[in-house]
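As structure tokens, one chain now follows by itself in the form predicted on its own.
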């Protein structure tokens, strides 16, 4: 029964990490920017939602405003930071350092406003337990799985069935050709980062709703998302999502045989070995 509970917990955690992974993968595969500040958007989403929930805002309003705020922040970072650096022909290393700086600013501003202490959401229904076949889950965990699968499916549909999605794929495949055919890559980059920020807002809300808020909690999910993106195949939405779930399940099941403090390190070690033998990832790069 313990193994089953750990497996289910891994699926819940992996579903949330999967959204972080596919959002980061979309941004990186299109803009070729290692958007470390994405962890700051993830963290910011939780605090925006907490602020609204604390003031009695309805859940649907909290979700809508948080997603909109996350999209605005992502678009602002792309338009006012990355695009300006690109116009100045900054190297990828300079852009990475700038993104790290943006993350540090966001984290410290949040810590200064809200304190570095753990905050709990004032949402009573989120912590209520449900027993399903001997497995105990909170309503937040159930909602996390449902929302993650829905967002994954919506992302796949958007990039394959809509004109904007196809334009984004075209820009990701060949930015130069997209420029001369007037697809306006810089505008597409802003849209992609905004979409990725909207996607990451969901786990940014749901994970803290279950575990609590901290200003510096976004880095570990982003690290896991990076591993999932690479192992799943850069540019593969399905690959990133599936590998993120696999990492989380492996980490949880490893608790049966090793102490918790070793689980993350050993899991990443296994994936490093995996990447040595299949550096292109498990899945094809096609979206």
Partner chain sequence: MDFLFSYIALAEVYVLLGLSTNLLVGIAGIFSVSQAAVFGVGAYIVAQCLMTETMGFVPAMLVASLACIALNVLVTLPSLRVSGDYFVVTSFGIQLLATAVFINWTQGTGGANGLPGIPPPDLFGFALESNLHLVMLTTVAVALGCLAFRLIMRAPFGRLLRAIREDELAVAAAGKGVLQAKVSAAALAGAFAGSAGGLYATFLSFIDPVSFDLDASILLLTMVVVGGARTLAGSIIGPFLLLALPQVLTFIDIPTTIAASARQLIYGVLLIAFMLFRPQGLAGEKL
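Numbering follows the first chain given and starts at 1. Since we're looking at a predicted model, the values are computed, not measured.
Keep in mind that the form predicted together with its partner chain is missing from the display, and what follows is about it.
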In the predicted complex, is there a heavy atom of its partner chain that lies within 4.5 Å of any heavy atom of residue 94, even though the partner is absent here?
yes
**Study point:** residue 47, heavy atom within 4.5 angstroms of its partner chain in the predicted complex
**Key:** no
Going by a heavy atom distance of 4.5 Å, is residue 11 a contact of its partner chain in the predicted complex? no
**Item:** 4.5 Å heavy atom contact, residue 108 and its partner chain in the predicted complex
**Value:** yes
Only hit among 230, 242, 52, 67 for heavy atom within 4.5 Å of its partner chain in the predicted complex is 230
Interface check vs its partner chain in the predicted complex: of 250, 234, 57, 63, the one with a heavy atom inside 4.5 Å is 234
Applying a 4.5 angstroms cut-off on non-hydrogen atoms, the residues of 132-151 near its partner chain in the predicted complex are none
